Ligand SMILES: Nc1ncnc2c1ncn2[C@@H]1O[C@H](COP(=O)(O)OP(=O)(O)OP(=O)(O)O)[C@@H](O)[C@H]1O
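The chain that follows stands alone, in the form predicted on its own, written as structure tokens.
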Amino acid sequence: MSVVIKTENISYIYGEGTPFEIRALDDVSVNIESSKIVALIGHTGSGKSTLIQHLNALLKPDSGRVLFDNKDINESKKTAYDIKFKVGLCFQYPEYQLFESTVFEDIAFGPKNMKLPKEEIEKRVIRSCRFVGLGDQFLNKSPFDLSGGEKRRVAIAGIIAMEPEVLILDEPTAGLDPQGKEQIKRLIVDYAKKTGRTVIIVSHSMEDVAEIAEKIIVMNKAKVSMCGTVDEVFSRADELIAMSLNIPQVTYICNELRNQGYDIPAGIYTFDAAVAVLTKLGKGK
């Protein structure tokens, strides 16, 4: 599978040369493959947010390179500007960044900055609004009259409308009720499946990660500590816990039942997988 984004030994220091100097990234090298859902996890201060801001040139590394399709995204001002439309970044709680008078205008903000024709902007706005599950009746509403989950979807639609090759979502389900979280998770999976684009999610929810990610990158103390499939990463539970991280709660339950003698296999990381195993176990009894 081809690599769409690659970081080569990037380092970044906040406040260099001051008493408040913090090394946020230290010799970080990662490969992000195309058409995958990649999760980036790590405790607060591990370097996750700093890393994703390097992927679309919001930040420039002090050393090392960030490559998009094997091209250094910081080689010129124009390249750094253009990458913001190829790698769309949706920050945590993006609904607080809505500012236009209507949903249509908010979603259209990015495409307008791309200098697209009016007709193309309108097509993209309508298409992305529908894609996130909001009907055309929302377009003329004020974004401030919407629910939290609806605002979150409008904000994501604004990024999708730019049709980026990579979509980055920082804590996409944070602060939402269970229904809102499920809607956003379905949206992420549907987007990746229907468009074939790469999605990177930053999350503290191990349940969300286990449910939708295909690859996990673990950050710890400004470095990449682990990188692999859901099973490869979550099977190293002791190491994750030592980093102040965790594994899905359902995994704890299944592990405890297995320790008590129940015939439950290792590697249960999602609620659906646990239900399937326990249902089969119940029928066997």
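Worth saying up front: this structure is predicted, and the values here are computed from it rather than measured. All residue numbers are counted from 1 along the displayed sequence.
Missing here is the form predicted together with this ligand; even so, the following discussion is about that form.
For the options E105, E122, E171, E95, the one in contact with this ligand in the predicted complex, meaning a heavy atom within 4.5 Å, is E171.
Among residues of the shown chain, S34 is not one whose heavy atoms approach this ligand to within 4.5 Å in the predicted complex. Among heavy atoms of P61, none comes within 4.5 Å of this ligand in the predicted complex.
Proximity of R236 to this ligand in the predicted complex: non-hydrogen atoms within 4.5 Å are absent; the residue sits far from the partner. Among residues of the shown chain, I268 is not one whose heavy atoms approach this ligand to within 4.5 Å in the predicted complex. Picking from 228-236, 66-74, 253-261, 39-47 the stretch near this ligand in the predicted complex, with a 4.5 Å limit on heavy atoms, gives 39-47. Although this ligand is not shown here, in the predicted complex the stretch 204-219 places heavy atoms of just one residue, H204, within 4.5 Å of it.
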